[in-house]
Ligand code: NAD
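Take a look at this single chain in structure tokens; it is the form predicted alone.
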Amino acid sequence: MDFFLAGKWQGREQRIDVTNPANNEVIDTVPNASADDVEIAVRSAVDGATVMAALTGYERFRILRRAADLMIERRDEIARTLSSEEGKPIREATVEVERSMQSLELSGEEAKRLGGEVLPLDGGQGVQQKLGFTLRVPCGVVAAITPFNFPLNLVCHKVGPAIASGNAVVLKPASDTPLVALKLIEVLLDAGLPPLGISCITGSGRVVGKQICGDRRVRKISFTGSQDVGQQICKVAGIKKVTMELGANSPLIVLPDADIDKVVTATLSSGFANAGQVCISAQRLIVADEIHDELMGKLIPKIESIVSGDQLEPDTEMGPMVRVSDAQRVHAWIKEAASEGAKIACGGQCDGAFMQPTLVLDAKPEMKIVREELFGPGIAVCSARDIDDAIRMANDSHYGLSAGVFTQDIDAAVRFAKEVHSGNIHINWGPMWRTDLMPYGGLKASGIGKEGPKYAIEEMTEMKSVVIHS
């Protein structure tokens, strides 16, 4: 596929191969953008921002509404593209397309509600005969830099609110998974988006992403990815608004009164969806000593029964990781934990990009699989004496994106919600849960700002205060 730049589809002589991680076959190629392409994209976005700001909220709603409808009409084609380039099982890919449709739909609804408030100026001393109100106006040019693991829905979580609030967008998708983002551009254009309203350029993040983020004409950056890259972006961004959705090593705490069967279901869902390549995957399973053996007795056979294989087969439950190097990294971390005294209860092997779903027992706080972000199909099990110990262990991390607890004790649940340092808290479910309208974002090193269409629009607009003096 070609990329979309300055209102038209364009190719380049230098191309990037897009491969199927299951077999390393080349699916397609995309242009490798240059510094000149970034300059063209930003310059056209400045012009596009004027066009987008002139649209009414209702007109922006209609574009996003039509785009959502077109996405569902093309669901099977888009899902197959997503699954092929990312490695996500086709069932999960189809769900992602449906969620992406909802993200656009919700963004469109918010376009009709964008407004300000009347200011109670007469509450100020000596203020009379003044009328004040606020206006929300578009930032102008929004840079959207997106990861491989949800290559459609996380794009929609940035592009949808940016369009809804009247901005132009420069989109830089992950080099591993650019095709489904380009399919989205086709959908948006067919839905009536002004061609200068968006550019989608493909290429190296070190070259393209850095130049986009450092450009003073870009007023807002929305990034999802690793903590290291997020820190680099913030260093080069300068004075502009940023939303950073970064990493995690999310804990799932299981207290003695937990429903064990529900814990097993939630752990499987939270730990191994998309081969564990989810920023809110359950990575640390912190289990009360009293129920440890019972839980492991039920959980291990379920993990061993997960069907891995070709992601395009309908019965596949877990596909490959996006890159062979990532599977090798996860494998190395697990072997390192075993050498430091942990026990591999199941899994632990890799073959190419396929990493077995793995459970590691007797994990210790200093182990890499506990301290860092694994981002793969592995869960480290730690033991906790009581709720105080469990909360301490949950907070023993520089991350703070999502956390879950299983308990029937309302007092323990409220303590967990108040005391665990995490942007998303789940009671009686795992940390990997999100509906697309909720505010979503992390604490500590897990990020800055919130996503979810309503909240992202607040991040993608500027507030003006207007005072009429009479």
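In this text the structure is predicted, and so the values were computed from the model without any measurement. Numbers follow the displayed sequence, beginning with 1.
There is also a form predicted together with the named molecule; it is not shown, and the following applies to it.
Has each of 147, 205 and 233 got a heavy atom lying within 4.5 angstroms of the named molecule in the predicted complex?
Checked in the predicted complex: all three residues contact the named molecule.
Heavy atom to heavy atom, is residue 283 within 4.5 Å of the named molecule in the predicted complex?
Close contact is absent here: in the predicted complex, residue 283 is far from the named molecule, nothing within 4.5 Å, heavy atoms only.
Quick one: does residue 61 come within 4.5 Å of the named molecule in the predicted complex, counting heavy atoms only?
It does not: once the named molecule is placed as it appears in the predicted complex, residue 61 has no heavy atom within 4.5 Å of it.
Taking heavy atoms and a 4.5 Å cut-off, does residue 337 contact the named molecule in the predicted complex?
Looking in the predicted complex, residue contacts with the named molecule do not include residue 337, since no heavy atom lies within 4.5 Å.
In the predicted complex, is there a heavy atom of the named molecule that lies within 4.5 Å of any heavy atom of residue 375, even though the partner is absent here?
Contact with the named molecule, yes.
Looking at 140, 225, 132, 400, which is the one with a non-hydrogen atom within 4.5 Å of the named molecule in the predicted complex?
Selected option: 225.
From the list 215, 96, 245, 85, which entry has a heavy atom within 4.5 Å of the named molecule in the predicted complex?
That would be 245.
Heavy atoms, 4.5 Å, the named molecule in the predicted complex: which of 185 to 193, 171 to 179, 311 to 319, 258 to 266 makes the cut? Say which one.
Every other range fails; the passing one is 171 to 179.
Enumerate the residues of 289 to 327 that have a non-hydrogen atom within 4.5 Å of the named molecule in the predicted complex, in sequence order, or give none.
Stretch hits: a single one, 323.
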